[in-house]
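In the block that follows, a single chain appears as structure tokens, in the form predicted on its own.
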């Protein structure tokens, strides 16, 4: 079964209590093989980048078996607000 943008977004919101999630299918022909995500969650507070990425990778472990390229940006709500105001 092909992975969808909505499936990824819903899982990140549910499992990481994300307050904001952007998911973009970056596959050349939108074949669900390459994704770019932005995840904003308070669960990232006080965690270094590698730990944040591991949280996302663990959450999407099953989906990542079928995805060939996965780019992620992980922010705390405070970092997200700061970034939006720039």
Partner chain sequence: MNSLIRTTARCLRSVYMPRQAVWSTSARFLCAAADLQKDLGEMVKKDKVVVFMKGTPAQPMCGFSNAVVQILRMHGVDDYASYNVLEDSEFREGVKVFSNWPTIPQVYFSGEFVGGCDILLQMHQNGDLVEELKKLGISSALLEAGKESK
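Positions refer to the first chain, counted from 1. Worth saying up front: this structure is predicted, and the values here are computed from it rather than measured.
Below: the form predicted together with its partner chain, not depicted.
Exercise. Report whether all of 4, 9 and 13 sit within 4.5 Å of its partner chain in the model of the complex, measuring from non-hydrogen atoms.
Key: No, the candidate spot makes no contact with its partner chain.
Self-check item: Contact label in the model of the complex: residue 21 to its partner chain, heavy atom within 4.5 Å
Solution: Outside the cut-off, so no.
Quiz item: Quick one: does residue 47 come within 4.5 Å of its partner chain in the model of the complex, counting heavy atoms only?
Solution: The answer is no: residue 47 has no heavy atom within 4.5 Å of its partner chain.
Self-check item: its partner chain contact in the model of the complex: residue 69, any heavy atom under 4.5 Å
Solution: Output for residue 69 is yes: heavy atoms within 4.5 Å of its partner chain.
Quiz item: Is there a heavy atom of residue 27 no more than 4.5 Å from a heavy atom of its partner chain in the model of the complex?
Solution: Judged by the heavy-atom cut-off of 4.5 Å, residue 27 is well away from its partner chain in the model of the complex.
Quiz prompt | in the model of the complex, residues of 38-57 near its partner chain [heavy atom within 4.5 Å] | solution = Going through 38-57 in order - heavy atoms within 4.5 Å of its partner chain in the model of the complex - the hits are 49, 50, 53, 54, 57.
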